[in-house]
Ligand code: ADE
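Here's a solo chain for you in structure tokens, the form predicted alone.
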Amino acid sequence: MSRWLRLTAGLTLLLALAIRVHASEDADAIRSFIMGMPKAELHIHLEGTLEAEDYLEIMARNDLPSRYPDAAAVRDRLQYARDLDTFIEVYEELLSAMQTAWDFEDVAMRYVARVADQGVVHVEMFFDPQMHTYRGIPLATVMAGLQRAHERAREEFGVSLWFIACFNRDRSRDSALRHLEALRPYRDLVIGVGLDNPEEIDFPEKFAPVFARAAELGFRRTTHLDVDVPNTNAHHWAVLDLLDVERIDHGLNVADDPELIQEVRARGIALTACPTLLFREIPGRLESRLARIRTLLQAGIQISLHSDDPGLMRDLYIGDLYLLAHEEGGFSRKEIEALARNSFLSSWIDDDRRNAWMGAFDDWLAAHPVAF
């Protein structure tokens, strides 16, 4: 090889190394930006934050037998979930570890500790009261634990933590009404109500009296509308008209109906999108859901990203999810900012606190001029 060729090859190698180092530095800067950016988490299930180690530790301290010898075996069990029904089967199995007020406090605080380093400053956390009372756990026990977590989250992490009671769509309307009335003494802690579990046909009609009563009592209102399930278009229209919801959880099928997009935007209904449920098990699911999120964002819908059940979904907390949207969906800084801004605009907080958070959010963005 001539001296010139050796020199050219050497310069090419140096240039390639420089480009690689620069790309790595850019990736690190983007990751730090996304993780540090202030966020509100509006779609997170208390019971779905249980990680394998949490489950085993709580089972042991409650002296309950477990069929799993170690955390790896629990994680293997999580792989069993292949659709919503099997997901709920695993979900209900693992939440059975929670027995005492300390358990509910502990689970909530483990979650807060994990997301405090991912920019989360405000959480509106779902919990399923019926899944606990039907196991013989008094509602007062559940609420005592959540009250303590609410206090500790602010004291120890500066995180505002509130709760939304989700009623199960596959249980009776009367059960939901009884639990709603039982929650009245906890209005300072439980800011709203929702609906989750399997999406029964015509569930909005079934729960219309529950939501009317919730409105009378001053509870905010939302409901899950799962993606690509039977009758989903009719259910979207029905929850707007019969349940008078202020938010829709999931709701990505709004993107498929131009008239629904227009109606949701006109009413100022917010969507809490969670694109990662079973995305590893179902090829193409993540790409499809991220595409719908972008469509709704561009249409002016107040949509934001949330983590749903990160314990069961293997460590995808909200910062990880924003990073995934950038890396897998190509979301730009402008889009990432818009999703995070919407999380505060969609939250059920008073205007003074919202304005303070939005000011702090804008100040943080100005102090971190990372381009991507």
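Residues carry their position along the shown sequence, with the first being 1. On a predicted model such as this, the values are computed, not experimentally measured, just so you know.
Below, we refer to the form predicted together with adenine, which is not included among the displayed structures.
- In the model of the complex, adenine sits within 4.5 Å of a heavy atom of Arg169.
- Among residues of the shown chain, Asp226 is one whose heavy atoms approach adenine to within 4.5 Å in the model of the complex.
- Interface membership of Asp196, defined by any non-hydrogen atom within 4.5 Å of adenine in the model of the complex, is confirmed.
- At the 4.5 Å threshold, heavy atoms of Asp54 stay clear of adenine in the model of the complex, well away from it.
- Only one segment in the set 26-34, 303-311, 319-327, 337-345 has residues whose heavy atoms sit within 4.5 Å of adenine in the model of the complex; it is 303-311.
- Residue-level contacts in the model of the complex: of Ala71, Leu240, Ala208, Leu84, one residue has a heavy atom within 4.5 Å of adenine, and it is Leu84.
- Between adenine and the residues Phe203, Phe104, Tyr91, Phe219, the one pair within 4.5 Å by heavy atoms in the model of the complex involves Tyr91.
- In this stretch, 243-263, the one residue having a heavy atom within 4.5 Å of adenine in the model of the complex is His250; the partner itself is omitted from this view.
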